[in-house]
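Each of two forms of one protein chain follows alone as structure tokens, named structure 1 and structure 2.
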Structure 1
């Protein structure tokens, strides 16, 4: 048995009964990766979005016209896709167009059904085009061996004018049977067809048709066409003789063409609701028990029977990716033709199919962006799906990460924003790109990470005695406020700059403030105090008495905070530092007291 899951993976299971071991072969959906389909996906995405957005705008007739236009647009892109692909591979899409059109057709309610069916046959079921072309372009069409075949085709498809045109050629070549041709030509000309406008009522039409039918019958029984078997069979076809029509099986090619011909010549006033009766019998008659229906046949049958759900179900099984059913269902839903019954797991069919299709898109390295918009239009589960998928997109460049972030931000997906920024920041940090790391933290407003980065800078400073990446630290701007540690870093660098510019009193004030305002982390106080040393040792007195007292207090706080054990573990350098500081502070205090106590100008 073979289980296929369109749009995702294909799972083959082993054969038969309860065997303990099974082999699962999982294969990614190859369709996504076919070059020519990408254009289809992209263009249909545009149409899909247009349809969703137009929802609120119109109503009534104009809405209907709009929906028809959307359907036509989808059809064009399918056709364009087909043209790009090789003939063999395009069968899938040829069928798609047929199905699309039939669905559209049965759902519209304006105009006689028969005319629309005839149009459909002419446009989409065109296996005989080559033959027609061949005969028409030959020197002497009426002498061509396939001449009568072409005439038959025209008659079967209800293309009366073209059939008559060809017959005229034959008539001029055979003057003896001119009368016969004239009669047939006349019959064909007079055949009543349902008209587009409401110029005749149904009863009128049926009456006319009845008369005409009887006339044909008379001519046949009179033996008018007895001498020419071709023309006799045409007359029989005109009378709707099923056997005669079935004789032309090869020219009909499919049962649904047979259906349309049958309807044309026996029930021209058929109504949509009656289609189903004729559809089933047509298929049975045509296939005659020789062959079984193909998937396409089942789908079309379901369409003729107005079983839209069945159509969708059959398509899902037959076609290899979700593209077709997802878009078809969405369109039908907008036409309000699908009763929304909830599926077992809570979302309706339209949403289910769209979710499946969009999920498939996410496996592609660039089509995932289309998937986002599809998720947006799935009201129940779209958001959850998006949240799960978007975090798993591989971010191989910063630009891609930015695109993903923008999508998350636009949808207020804060968790994902934070998560992605953290990933990028962490990568940057590992690569020693501290500026980039900071840039990502700012984007996510991630204070914790900013603190991490600042600590890294400070660590570098302590180890090397100088700052790296000055261009960054000197230009933090308002982002400095993102985290306390970052603020400290910025201010600390400012201190160094002031010192470098010999603006000592400002530097001193800043240094003190860093400690007293608790901007500096406690671990850094020792370094700051040590930085104060050169300022204390200057010839000129810089720190005021007040400030000196503050410094002393800081030093005491620092040393008092240490437990006895820690003091014991402190090496000589540490103790010496503290000693030097105490000495320097004391000396400074002495000088400043004298200075402040001295009267100016004396």
Structure 2
């Protein structure tokens, strides 16, 4: 059973009665209502659409470059979103950038793995920047209490040039230790690190690194840095001493920064398939059983193990909405980095996540328009989802209804077009806006509803003696053929227009046609016959003898059925009308006979 809770949440208690072990609280996605996230959703939508449209246009190197740029664009919009949010609220998005980048770099990115990991850590461990600014802006940086902390952070992140620059300041302030600083500076300068432009083989790199490592070991054993504990600690870090690195645990902040530092100074030529083993041992060493892994740790571990499906699964659980996993999965799918296996209900993972994300957007009063494009790029179930969600959009205004209608028409969603038009026609009719109601019913091609509204127009005319919404009725065109009643409405309005233009002969023919062709409803015949009176009384004879006989027949048909049909509301008035019509018809017939006899005699 399902119990509705305040705030749109519901509780599911399973098939049986309420059970504490089987209670699930389901709540709406609240993130889409956060104002600062609208920028993220809107800008990432543009990136997503651009990626889909260019899929077939680019190939080879151009395609790869484009995918890299798309990834950077996504990262930029996440970062921009973080800057607009308070720190507490932006933690999820800081984590999102970390996951996004590690997912990208452990897959097929250019350059040695260690360089990519170093770039990633430098990008996401930004606490040192404030510390550096504070130290460098002081009067005597080398005497600042955080000086050695900043040097250590630079070394831990492999930022040797910046670390050497700070050490040079310390050396200039302590002339007696210049040789010691020079030795450490020389070791840091000579440290072999893989680079993008370096053509040396892996063996050559390992050999150079081994020689450099032995040189560091020699200086440490000789006690070169024994007089300065800070420099001795840095030398131990250069040697990859895990205890020395873990002593700086507070500066490392996370186990994955410890992992990268450990690889940099112990296994600089690490291969992608070895990464998972170093990652697990680094996490175990860093946490030391003092704390359990956070959701982010689990996600990053899955990424280091190249288990991208597990990354997506864990992100779906840990993150507060579907935005991240939907866009990451789509990008990975375009990069051919996800196995395209079908899920148990038939859709692949990319499509499933895009469908979930787009479905969430449809619960927002304006973001639903973005969801339409996401459904468009889900080839298997997108159309079905769009049809279901588009029918649930509240049509609060006519402008919104037209926007939804345009979307449906562009996609040949004929059933939804008819449904929207009927809803709007009914709303307009309830508000007595007959013109709008008729317009919507014509657009829906709903003959029955068009007939109903046409009857309302005719009733309104009988009560007021004039038509409303003349512009619409005058310009019905072929649309009037939708129903007989609508045809009659359009033609009856045309009769009035011809009469107003004093085109009496044409008006008379049209009036007679409306009656003899049985287009006019029987209930309206008396009104039509009454409209014929002014034409019968014209100085010039308008109706011919044959036409006059037809009018007489119609009048007799109407009065003959009087006893069998509904009685007139006011018998005296109706009787007077009938008598006046008979008199006018008789007089007109006499005039016609005289006129036609005169013409024949001449």
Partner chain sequence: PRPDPTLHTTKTGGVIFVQDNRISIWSVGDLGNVGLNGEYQGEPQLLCDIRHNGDVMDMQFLDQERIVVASSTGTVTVFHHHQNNQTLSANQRWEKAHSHVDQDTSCGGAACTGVICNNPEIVTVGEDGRINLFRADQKDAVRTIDNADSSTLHAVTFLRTTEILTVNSIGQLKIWDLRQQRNEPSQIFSLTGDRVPLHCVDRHPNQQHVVATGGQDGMLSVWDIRQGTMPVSLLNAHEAEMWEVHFHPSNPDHLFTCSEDGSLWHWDTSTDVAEKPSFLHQGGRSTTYFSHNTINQSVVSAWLSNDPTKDRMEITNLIPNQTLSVNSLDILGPCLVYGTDAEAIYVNRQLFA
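Because the structure is predicted, anything quoted here is derived from the model rather than measured. Rigid core (definition): largest C-alpha set, two forms, superposition within 1.5 Å. Numbering follows the first chain given and starts at 1.
Source of structure 1: the form predicted in complex with the partner chain. Once the rigid core is overlaid between the two structures, residue 501 counts among the residues whose Cα shifts by 2 Å or more. Superposition of the core reveals a Cα shift of less than 2 Å for residue 68 between the two structures. After superposing the rigid core, the Cα of residue 356 is displaced by less than 2 Å between the two structures.
Overlaying the rigid core between the two structures leaves the Cα of residue 589 displaced by 7.3 angstrom. The Cα position of residue 578 changes by 8.8 Å between the two structures once both are aligned on the rigid core.
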